[in-house]
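Shown next as structure tokens: one chain only, the form predicted alone.
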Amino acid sequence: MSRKSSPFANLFLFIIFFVLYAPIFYLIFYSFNSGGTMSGFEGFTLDWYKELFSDTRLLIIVLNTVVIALLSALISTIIGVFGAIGIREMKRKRNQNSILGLNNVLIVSPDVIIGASFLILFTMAGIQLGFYSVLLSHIAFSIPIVVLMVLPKLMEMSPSLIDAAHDLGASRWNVLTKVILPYITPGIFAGFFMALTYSLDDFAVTFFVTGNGFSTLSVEIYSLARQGISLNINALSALIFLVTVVLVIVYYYISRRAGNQGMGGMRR
């Protein structure tokens, strides 16, 4: 029996989405303003986008950000998946809860504290601030996110599936690659895209550990904003928002397809 949503609930939902998306569309709208300010729309232009793509330094920063995000997401997903499997295989519930608690602490800890901690660690270890310090810090704070995305899928998997595979003579490697990984594939994709998003979006941690001329988009946008209002920021933000929307669509498509394939493989 279908339940009708109340007009108040629909109105509340509309207000929430309006508050969230209105500033973004306002920013995008003025990225096409020929007036150069956000006080009044004088005419349509693509000059700010042309100026954006002619800025070689900014394009290098975009490339740095994408490379850091992809590498950190990939490495943290691999580590996080095996970490989640290790947590699930723990015999004692107390040990399992302790590790999960430590994992969750890293997620809820303020970014400023994490960034300052990494800065102190890299300084004491003699690691030069730049590409590798940013990559290592992004991998570190992305691993707990991947664990949280993958672990629920592992917990809902019936132990009888693994027992049946062992009874049929499957090795541990075959159980991992033919049973466990196909079942948790949606969680793996969710963890990867969450790690990718967090890396692309991170400012506080990156601000502490970047240096020697290396920068990412979040830090660069902050620097540009401090210099004054420029519609270059609007154009850049519009492109980032567009890429984010595309990533969300790709994520849902891949997750849905992987989920269907995984369930089909389990039926076989």
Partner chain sequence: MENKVTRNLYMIPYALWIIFFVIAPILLVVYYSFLDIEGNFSLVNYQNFFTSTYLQMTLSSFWYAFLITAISLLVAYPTALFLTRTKHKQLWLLLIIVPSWINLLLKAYAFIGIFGTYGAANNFLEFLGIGSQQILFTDFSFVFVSVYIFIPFMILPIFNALESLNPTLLDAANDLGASKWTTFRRVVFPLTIDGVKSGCQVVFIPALSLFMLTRLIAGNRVITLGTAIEQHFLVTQDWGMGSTIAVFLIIIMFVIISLTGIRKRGA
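Quick caveat: nothing in here was measured; it's all calculated off a predicted structure. Numbering follows the first chain given and starts at 1. Between two forms, the rigid core is defined as the largest C-alpha subset superposing within 1.5 Å.
There is another form of this protein, the form predicted in complex with the partner chain, and it is not shown here; the text below is about that form.
- This chain is drawn without the partner chain; in the predicted bound form, the residue among Leu46, Ala204, Leu70, Ile60 with a heavy atom within 4.5 Å of it is Ala204.
- Screening Ala164, Val112, Leu74, Met155 for any heavy atom within 4.5 Å of the partner chain in the predicted bound form leaves a single hit, Val112.
- In the predicted bound form, Ile143 approaches the partner chain with a heavy atom inside 4.5 Å.
- Within this chain, Leu106 lines the site of the partner chain in the predicted bound form, having a heavy atom no more than 4.5 Å away.
- Looking at Leu181, you'd find every heavy atom of it more than 4.5 angstroms from the partner chain in the predicted bound form.
- Contact between Leu176 and the partner chain in the predicted bound form is found at the 4.5 Å heavy atom cutoff.
- Contacts between 26-60 and the partner chain, taken as any heavy atom within 4.5 Å in the predicted bound form, involve Tyr26, Leu27, Met38, Ser39.
- The two forms, fitted on the rigid core, differ between this form and the one not shown by 2 Å or more at the CA of Leu13.
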